[in-house]
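Below, in structure tokens: the form predicted alone, a single chain.
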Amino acid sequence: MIMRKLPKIELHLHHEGAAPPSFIQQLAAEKNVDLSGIFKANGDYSFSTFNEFLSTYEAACQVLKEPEDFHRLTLSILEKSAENGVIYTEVFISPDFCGGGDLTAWREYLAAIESAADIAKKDLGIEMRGIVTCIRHNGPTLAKRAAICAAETASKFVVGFGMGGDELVGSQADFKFSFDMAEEAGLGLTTHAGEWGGAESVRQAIQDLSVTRLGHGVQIINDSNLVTEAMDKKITLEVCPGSNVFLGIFEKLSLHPIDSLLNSGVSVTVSTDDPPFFNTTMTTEYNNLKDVFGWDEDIFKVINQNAIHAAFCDEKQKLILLERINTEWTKT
């Protein structure tokens, strides 16, 4: 298998978190903004802990101020994704960074992002959909503004609503109003849970919010009853192994539960989270899973089929993706 060439589906990619350091440095130079403190000498993003990661992430966003900045960013990240065989990606986009939660401004940013996605589809053959995302540590009030932005712009392109940020702040139930609003608008629902908050954060997400997917969700492995409940409710995990290891949730990939979860019957998918922050790509993730767990082509096909079935796009798009996976994998 030539991993880079295998067509892949990615469900968990943060828009700003996918910004290459060189892209942010270039924007900073153009805008005369000093961001030297967030980069290492070799140009990589600089952080040690998860909280430092969040601070670096938000600092990098300082130079993403105009719709055109997000247009350029979208082209940059989709080009990188396509280089690694991604044919469909669902990207977390936050109104907090795109107009400060103002609906009118959000529409302008969204139009710029969607325009870039259309160009990438034509030039690179990659499909993108947007998941509007509230930021947990910014609180429920700002989350409601994000949910309004999501509900008012639900479309073929805006297909979901989710929550990222610091999982240890507040509870999932604090954001129920926002998730209910998004659900009423017909959007798919996902939330970060089981990355830092233990199995209990997964339980909260499943019981308090009508999610069908969990961002990360890997700490579910510590509660067998919760594993069974997740399978009964057909919850899909957006697993980001490289991110989990880089941030120290698991000491090394061989200790990561993704293989055990898959073997238990949980619907597992693979994504990169914030790839340049964690020095990863979809190709890297696949190669590492192959090397450590012995995953073969059949398993990777199942992973991608799981992702397609859990995707928030319409059924027509899912059939197209399934056809591409089934056809193009036989050619690699």
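Quick note: we count residues from 1 along the sequence shown, nothing fancier. These numbers were taken from a predicted model, which means no experiment stands behind them.
Below, we refer to the form predicted in complex with adenine (ADE), which is not included among the displayed structures.
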Worksheet entry | adenine (ADE) contact in the predicted bound form: G165, any heavy atom under 4.5 Å | yes
Worksheet entry | Proximity of E90 to adenine (ADE) in the predicted bound form, heavy atoms at 4.5 Å | no
Worksheet item: Given that the partner is absent here, does H14 sit within 4.5 Å of adenine (ADE) in the predicted bound form, heavy atoms only?
Response: yes
Discussion item. Taking adenine (ADE) as it sits in the predicted bound form, is E195 near enough to touch it, meaning that at least one heavy atom pair lies within 4.5 angstroms?
Written reply: yes
Item to complete: Name the residue from Y286, F47, F293, Y57 that puts a heavy atom within 4.5 Å of adenine (ADE) in the predicted bound form.
Response: Y57
Practice prompt. Choose one stretch from 301-309, 271-279, 31-39, 64-72: the one whose residues place a heavy atom within 4.5 angstroms of adenine (ADE) in the predicted bound form.
Written response: 271-279
Practice prompt. Let me know which residues along 201-227 have a heavy atom within 4.5 Å of adenine (ADE) in the predicted bound form, or say none if there are none.
Written response: H216
